[in-house]
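Below you will find one chain, with nothing else, as structure tokens; this is the form predicted alone, and questions on how it binds or moves follow later.
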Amino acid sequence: MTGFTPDLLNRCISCGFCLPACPTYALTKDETSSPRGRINLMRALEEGSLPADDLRLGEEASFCLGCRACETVCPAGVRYGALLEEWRDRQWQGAARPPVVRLLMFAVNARWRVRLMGLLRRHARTPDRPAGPHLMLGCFERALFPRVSRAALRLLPELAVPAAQGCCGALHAHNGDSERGRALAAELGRRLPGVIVTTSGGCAAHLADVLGRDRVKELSEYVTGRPAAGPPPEPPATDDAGPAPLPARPLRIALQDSCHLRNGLGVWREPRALLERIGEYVELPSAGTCCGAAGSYALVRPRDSRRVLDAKLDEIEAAGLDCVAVVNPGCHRQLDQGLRRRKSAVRAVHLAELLAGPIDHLEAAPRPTNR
């Protein structure tokens, strides 16, 4: 059984600056459900003053969203995300790992199963090019939102998109199997040499941690960093785009940050700059806070996930938006389902689709009337 890295665990000075940034502390106002409280639990586990089967340990290891918002306000530079991974490596073994997580990890452990998930969905494909840059398809995005990779390829036709890609390992790293998570990321790095462009903030952060920051670019980062970065290119006419008419007014667009992209990689200005080029950008007060998706969290703790999401949906609907842009498939699924459940006119749309537009499923939506 692995332990905690002393330098990580001892860095916390218990100042409490992290408490206001923590979504679960905001829900409960319980110190134990804050980063500081959880680090104290980790210390107790490490020192042996709490047994590994103590119910508080299991509950808090599961209740934490892993959004890493605490890292951005920590004056001591505590790498809480790394600590959480070490905690779950220690506690989420065998039957202690949530069953739905075990099922998801089984599904993506073999490359052929990942490919099978997207076999019937028309995600982007091109012949491989040895030097890249490559577009990473992602495990679940290729099955749930295959139109995202098609949009990314329309926007960036220089990308190679081979279908034979596996999982990046973020799912494993966040759910108690860091070693396997790093091995999968390294394997994907060998299969996709050169720069890897992703449409998933969570995958980007994990890949960058394993492969190095210079090899991994999230889509908005790649677009804004191109040598001749200007307005997004006009998309070619394709069956994907459809003949949807241009809107009579600029789209009102907000952004839901990806927690790992914003808090892990510091990428948050780039998607906003791109959205400002294509519509009326609206900054939501909660844009930088977790939507409750948090990787597998929405499946492991659906009730708590909804509690985190509900206030955000209220804010989105009150802002009179046409759509809320997302940069991560987990956030995409979470907001899409939440808005549809409310029968909202607002749509959740990936940034790649907005940049590559026009978007038939967005243009067909009724316009909001509540502003």
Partner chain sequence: MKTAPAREPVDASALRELRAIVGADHVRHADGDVTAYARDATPLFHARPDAVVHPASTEEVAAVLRLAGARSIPVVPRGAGSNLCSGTVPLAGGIVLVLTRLDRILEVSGDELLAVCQPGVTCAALADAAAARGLLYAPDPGSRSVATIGGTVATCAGGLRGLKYGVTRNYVLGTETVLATGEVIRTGGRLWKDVAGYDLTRLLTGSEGTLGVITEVTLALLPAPAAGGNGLAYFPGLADAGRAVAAIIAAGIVPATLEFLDAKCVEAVERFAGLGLRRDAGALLIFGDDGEPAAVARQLDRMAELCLAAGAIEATVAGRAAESEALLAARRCTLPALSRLGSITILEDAGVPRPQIPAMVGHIDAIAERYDLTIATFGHAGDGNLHPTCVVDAGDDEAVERAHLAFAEIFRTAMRLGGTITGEHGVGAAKLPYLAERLGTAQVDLLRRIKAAFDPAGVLNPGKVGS
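Predicted model only: the values in this text are computed from it and were never measured. Numbering follows the first chain given and starts at 1.
The same protein also has a form predicted in complex with its partner chain, omitted here; what follows describes it.
Checklist entry - Based on heavy atom distances of at most 4.5 Å to its partner chain in the predicted complex, which listed stretch, 51-59, 316-324, 331-339, 298-306, is the contact stretch? => result Stretch 51-59 is the one.
Checklist entry - Non-hydrogen atoms within 4.5 angstroms of its partner chain in the predicted complex: do Tyr222, Leu265 and Thr289 all have one? => result The answer is no: none of the three residues contacts the partner (heavy atom, 4.5 Å cut-off).
Checklist entry - Would Val100 count as a contact of its partner chain in the predicted complex, using a 4.5 angstroms cut-off between non-hydrogen atoms? => result No.
Checklist entry - Any chance Leu41 has a heavy atom within 4.5 Å of its partner chain in the predicted complex? => result Yes, Leu41 lies within 4.5 Å of its partner chain in the predicted complex.
Checklist entry - Is there a heavy atom of Pro75 no more than 4.5 Å from a heavy atom of its partner chain in the predicted complex? => result Output for Pro75 is yes: heavy atoms within 4.5 Å of its partner chain.
Checklist entry - Is there a heavy atom of Lys312 no more than 4.5 Å from a heavy atom of its partner chain in the predicted complex? => result It does not: once its partner chain is placed as it appears in the predicted complex, Lys312 has no heavy atom within 4.5 Å of it.
Checklist entry - Using a 4.5 Å cut-off on heavy atoms, which residues of 10-46 contact its partner chain in the predicted complex? => result Counting only heavy atoms within 4.5 Å of its partner chain in the predicted complex, the contacting residues of 10-46 are Asn10, Arg11, Ile13, Ser14, Cys15, Gly16, Phe17, Leu19, Pro20, Tyr25, Lys29, Asp30, Glu31, Thr32, Arg36, Gly37, Asn40, Leu41, Arg43, Ala44.
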